[in-house]
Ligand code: NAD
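Just one chain is shown here, as structure tokens, and it is the form predicted alone.
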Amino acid sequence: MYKIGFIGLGIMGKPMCKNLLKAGYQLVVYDLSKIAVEELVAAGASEGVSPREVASQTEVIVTMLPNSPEVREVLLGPGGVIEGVRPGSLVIDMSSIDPLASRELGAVLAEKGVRMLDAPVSGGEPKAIDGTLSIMVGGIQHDFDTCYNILRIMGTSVVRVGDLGAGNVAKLANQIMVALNIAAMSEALVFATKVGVDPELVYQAIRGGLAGSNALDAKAPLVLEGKFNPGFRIKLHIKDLANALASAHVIGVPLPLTAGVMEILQALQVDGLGDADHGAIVRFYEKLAKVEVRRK
């Protein structure tokens, strides 16, 4: 059983670590938050004082960080993974970042004899806690096979979608569809509410038909309760869509609907809702229509 280094103990990384510990893996963890580190140490992990030290003590290094700059700093910066990692080790970046950045980082690590997978996740905090995430993996087949059992501890769906960077392509596609699903749900429920029809009954009526989706079932009940505590923050969805739009522009793919929902998210962030759950997209439509979608 591999000894695993885990860097990034935020809203997703912390429960993912706890599931690995429950499965019997030895973990060395690092995060800027000492409180998060102490919680994991109390659960059975060891503390690394830097990414370099984490890498020097482990064979598989997992990173779960906000965006490309943070991943680059942890892997290649001063005191970073590259300074302590041993040849033959495997880095699994489970952050959601620019696919081109994944490929660039992988190329630098390969020069040191270190392998890399990108393995972003979908499902938010509830599925991170349950160990039922959807994990989209990019990298060579052998490396995927090597770490499959580790990833299965954290997710129920673990799919290799191609070479390094392909995992983040799949994640960005996922984020486009999730954002548009929530926006469509918001438009529909605000419309129904403004007309005077109970939005909960509309939700129940349509969820079993073609308009039904996991996104609808996950977000509609929370919207109806007015609960926007973060499962996935608006500011993080902005980050993902920014990466999607940037990558799409490089390869010449117009994303007009994505650009539209991006502006909705930006407006919500300006209104102080950057840390709210992305289900708060409905708040944008509620403000325009001067109505609230809530359970009666």
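Numbering starts at 1 and runs along the sequence shown. Bear in mind that the values here come from a model prediction, so they are computed numbers and not experimental data.
Below: the form predicted in complex with nicotinamide-adenine-dinucleotide (NAD), not depicted.
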Just to confirm, Ser96 within 4.5 Å of nicotinamide-adenine-dinucleotide (NAD) in the predicted bound form by heavy atoms?
yes
Is there a heavy atom of Leu65 lying 4.5 Å or less from a heavy atom of nicotinamide-adenine-dinucleotide (NAD) in the predicted bound form?
yes
Applying a 4.5 Å heavy atom distance criterion, does Leu236 contact nicotinamide-adenine-dinucleotide (NAD) in the predicted bound form?
yes
Using 4.5 Å between non-hydrogen atoms, is Ala220 touching nicotinamide-adenine-dinucleotide (NAD) in the predicted bound form?
no
Check all three, Gly10, Leu32 and Gly124, heavy atom within 4.5 Å of nicotinamide-adenine-dinucleotide (NAD) in the predicted bound form
yes
Which one of these stretches, 106-114, 73-81, 148-156, 200-208, sits within 4.5 Å of nicotinamide-adenine-dinucleotide (NAD) in the predicted bound form when only heavy atoms are counted?
73-81
Using a 4.5 Å heavy atom cutoff, which residues in 222-236 contact nicotinamide-adenine-dinucleotide (NAD) in the predicted bound form? It's fine if the answer is none.
Gly231, Phe232, Leu236
